[in-house]
Ligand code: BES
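Take a look at this single chain in structure tokens; it is the form predicted alone.
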Amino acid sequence: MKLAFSSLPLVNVKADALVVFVPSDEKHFKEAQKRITFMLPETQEVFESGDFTGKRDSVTMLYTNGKAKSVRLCLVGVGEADKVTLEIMRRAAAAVAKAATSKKLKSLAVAVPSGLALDAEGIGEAATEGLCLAAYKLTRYFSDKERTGNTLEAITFCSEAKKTLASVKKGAEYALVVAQGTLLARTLANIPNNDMYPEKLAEAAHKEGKEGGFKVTVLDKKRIEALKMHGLLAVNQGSKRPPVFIIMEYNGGSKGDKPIILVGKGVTFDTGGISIKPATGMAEMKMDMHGAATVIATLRTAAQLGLPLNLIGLIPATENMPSGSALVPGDVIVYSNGVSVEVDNTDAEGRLILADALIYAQQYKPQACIDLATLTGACVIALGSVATGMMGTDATLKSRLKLAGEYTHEYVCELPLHEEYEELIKSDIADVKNSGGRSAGAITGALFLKRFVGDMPWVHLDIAGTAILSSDMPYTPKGASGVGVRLLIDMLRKWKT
């Protein structure tokens, strides 16, 4: 997506369509009507007829009849002017993007609205996010060129007030980088397992590191064995493809600054192993590595933005397959920190590989550690696709994530880690078992991970519901959502403020 900024009158800007955001309250609606009909008198009828009222997310497309350099005019409702938030603007822009891509439009000229309860920088940020995120579609496997989608290529923000335009530019340029990171996470997670197995995921991380300017090291199976990453090795037993352990290092802070560590679950396909999943919906399990996709994309985005922090991304990656050599219920794994685990369910594999990564992370003595994983179906039942489950040991870190969630609309909802829940994962033959059954499943998954974090300030994000969508949302299509990139980047950019 290309961004441009123009101080020309809107009618003098060349694009496939002009976009004007219109509030619904009487005062601002009439002001907008006056401006628009003065610019394009032919639009008077749509206002007088009541066909367009400024209702939130409503889009009316008109034609300029040669009275402007652009052929089309899109009127977009944003609701009451004094109630417009970042999220309302994102969704309004997303409605435009969907209308534009349905007509295969490539360029939009967006008039910067005034009089809203949102400053110019916020307008630039939210509008860019909505336009970019809603226009996404994975198209690499289509032979039919008519199904390519992703037609929107350029956005020009227009305002005759140069100070306003400068503020819009600041917000839009930031948002474009973050949106591109979100789309990267979506694409990595949406690619099927035959094109995105562990070694291919490592190649993708290398590519992003080379282009983004951060270091990527990939540990092969021999090195994983030497490090006694027994959880990763155990889950990998049933697969013909070897595991990898990906280490990404971005050094944007001072040399002595302790890093912030991001850990992403990298199960590139999860059959459930011997505890095999039902066939219906199993294809979605190509997205069980969404946590890894988010971590790769977040490192890339942080590097592009030049955030003044040291970040480390850790990804244990494997398939979880059933075979004669696969891990079976009842097996016991002993980790490098001495903790023994009884495998109660081979479909609770994500926590087994994350445990190795959390043990490995402790050597860095980080100021914070956050893991992201499509960990439990229980979290989907509890929170649906609206909020990510958040559990952890550090109140400050949880507060940072909650604030970032409110800002980005990637909500997090804290679930408790009361010690009474630990009874559910007690084992008769080992220190802990990897599944506590259906009751409090998201919580027991997090309590299992807590055994391996040491004294690191730690938060676990269960993105099972928010990462894999079964239907379209306002600016997120069905499939991988890219969740976590916008959340983490907003938290990280405000880390030192």
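Note that the structure is predicted; figures quoted are calculated from it, not measured. Note that residue numbering follows the sequence shown and begins at 1.
The next section is about a form of this same protein that is not shown, the form predicted in complex with the named molecule.
In the model of the complex, the named molecule lies farther than 4.5 Å from every heavy atom of residue 410. Heavy atoms of residue 32 never reach within 4.5 Å of the named molecule in the model of the complex, leaving it off the interface. Contact check for residue 345: a heavy atom falls within 4.5 Å of the named molecule in the model of the complex. For the chain shown alone, residue 449 is not a contact residue for the named molecule in the model of the complex, no non-hydrogen atom being within 4.5 angstroms.
Note that among 461-469, 36-44, 23-31, 57-65, the stretch whose heavy atoms approach the named molecule to within 4.5 Å in the model of the complex is 461-469. Of the listed positions (182, 374, 268, 236), a single one reaches within 4.5 angstroms of the named molecule by any non-hydrogen atom in the model of the complex, namely 374. Screening 307, 380, 202, 397 for any heavy atom within 4.5 Å of the named molecule in the model of the complex leaves a single hit, 380. If you take 420-448 and check each residue for a heavy atom within 4.5 Å of the named molecule in the model of the complex, you get just 435.
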